[in-house]
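The chain below stands alone and is given as structure tokens, in the form predicted alone.
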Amino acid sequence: MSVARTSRRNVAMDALRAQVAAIERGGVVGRRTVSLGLPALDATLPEGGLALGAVHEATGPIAAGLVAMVAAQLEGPLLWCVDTDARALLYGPGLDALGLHPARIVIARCRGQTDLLWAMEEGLRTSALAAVVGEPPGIVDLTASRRLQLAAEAGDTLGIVLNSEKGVRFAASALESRWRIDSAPAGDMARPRWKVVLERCRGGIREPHWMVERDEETGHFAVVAALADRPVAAL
């Protein structure tokens, strides 16, 4: 097969997957998006950024960093739902260093999984919030993920399920995308690095990996190397 024919075939397949993604979203097109703060990451997503009116998942021990990067791009208050028994608390100075001022965050301390998911749904349905972040203590099943997604669509609000544990909480999910963020060895202590993996994206065609570096003096992020790029089955 010639290079030109292969290129045309790839373009056609990309267009078909985009149509399938629109159907999965109920025909919603032209949604608003928010930048991830790095053009290389934004360019991989079907709509050129993280879709609003949708819920995404961020996993990994430093996933809160990606949440802060995204929320910093938005204006308005942020609802952060946590379980009352959660061992880790939000660290204001760390979030502030990533561009998310603690004064913007409203913390909802919830008693258990049911209350936390209810708080997320109610927050997602209102347009008064820039985003809703939830740290559920247990597994969120397919039905619950669908309810969150529908609530986000109703309020046109960005939702993020934050999972700092190693286990995967969404074996089957209605959420828009799933990201994995881990720390990575840094060549310079003043420039810590993250390994960022887009594990799942509705309408996506790849599973990209990036090495992201942060300059502690300026607070700026940059992609310093692509770790890998391998095709995955259509979602």
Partner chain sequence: MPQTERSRDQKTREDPAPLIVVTETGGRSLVTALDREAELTGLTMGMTLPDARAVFPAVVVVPADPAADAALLDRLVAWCGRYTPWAAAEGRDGIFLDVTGCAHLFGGEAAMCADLTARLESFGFTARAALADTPGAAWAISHFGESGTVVPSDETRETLARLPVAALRLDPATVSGLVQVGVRTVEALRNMPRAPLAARFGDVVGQRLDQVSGDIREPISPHMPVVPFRARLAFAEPIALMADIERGMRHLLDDLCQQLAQAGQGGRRLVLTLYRVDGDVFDITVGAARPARDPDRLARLFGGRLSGFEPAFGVEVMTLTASVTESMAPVAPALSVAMRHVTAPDAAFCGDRLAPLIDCLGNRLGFDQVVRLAAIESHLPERMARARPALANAVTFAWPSLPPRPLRLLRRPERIEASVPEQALQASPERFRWRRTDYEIRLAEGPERIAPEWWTDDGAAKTRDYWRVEDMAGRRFWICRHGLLRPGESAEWFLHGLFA
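Residue numbers count along the first chain shown, from 1. Every value quoted in this text rests on a predicted model; they were computed, and no experiment measured them.
One more form of this protein, predicted together with the partner chain, exists but is not displayed; see below.
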Partner proximity in the predicted bound form: residue 183 to the partner chain, non-hydrogen atom cutoff 4.5 Å: yes
Contact label in the predicted bound form: residue 210 to the partner chain, heavy atom within 4.5 Å: no
Close approach of residue 46 to the partner chain in the predicted bound form, 4.5 Å, heavy atom: no
Contact flag, residue 154 vs the partner chain in the predicted bound form, heavy atom cut 4.5 Å: no
Sequence-ordered residues of 96-117 touching the partner chain in the predicted bound form, heavy atom within 4.5 Å: 96, 97, 98, 101, 102, 103, 104, 105, 106, 107, 108, 109, 110, 111, 114, 115
